[in-house]
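For reference, the chain that follows is the form predicted alone, supplied as structure tokens.
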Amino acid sequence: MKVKLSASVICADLADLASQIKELEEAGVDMLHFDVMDGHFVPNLGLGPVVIEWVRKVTSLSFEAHLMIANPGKYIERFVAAGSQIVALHIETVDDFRRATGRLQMLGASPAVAINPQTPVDRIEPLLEVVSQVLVMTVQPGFAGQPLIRETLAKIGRVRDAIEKRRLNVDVAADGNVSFQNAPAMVSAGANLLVCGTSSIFSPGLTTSEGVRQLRAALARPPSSL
């Protein structure tokens, strides 16, 4: 199973973002992940469509907008227009998820469903046929630098089992403390997409290219016991 790497833009050096994105491209990162926060659904503020519009001008990498916001349906069109090919909506914030996915597909974007650590997997199982990705939060959403919630590894496994049972082509993403130590265990549990931030490719003291290299090397080793 090929493991894809998604770079969390909010963890980058925003003062030097264009050059960092070029370095990420050269290092072989697969996509860019934009954490969108409004201070309501999560107690923090994050990136918006204007940032995505500007970054779209300097790269052809795929973009994912992760909407950690209340009432995300109001903003779907803006994030797609800004350049997001994938839009992840939290199951906890959307009343009619199938309607939202239909709107995204009509706009030419791929819908993803995000799930918080405390939300049971059965909430998203009926949606597996209409999404391209399940984004499993392995920390509480809203802040970088949190420790891994170990119980979420089993949740990744349950999501992967549900997808394979249905014979679907759906990515399983792990988002939160994707460190050099934790990443192999996440992949072993069933993740094939890793959202990478300050625990790996944006680690202090490393260039982004070195962070990517070290993460790929870690994934080539057997997972350690967590």
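This one's a predicted model, so the numbers in the text were calculated from it and none came from an experiment. From 1 onward, residues are counted along the sequence shown.
There is another form of the same protein, the form predicted in complex with a small molecule; it is not shown, and what comes next is about it.
Scanning Leu127, Val139, Leu153, Val121 against the small molecule in the predicted complex with a 4.5 Å heavy atom cut-off leaves one residue, Val139. A heavy atom within 4.5 Å of the small molecule in the predicted complex is found for exactly one of Val212, Cys11, Ile21, Ala218: Cys11. Note on the interface: of 57 to 65, 173 to 181, 22 to 30, 157 to 165, the segment with non-hydrogen atoms within 4.5 angstroms of the small molecule in the predicted complex is 173 to 181. At least one heavy atom of Thr198 is located within 4.5 Å of the small molecule in the predicted complex. The small molecule is not shown here, but in the predicted complex it comes within 4.5 Å of a heavy atom of Gly145.
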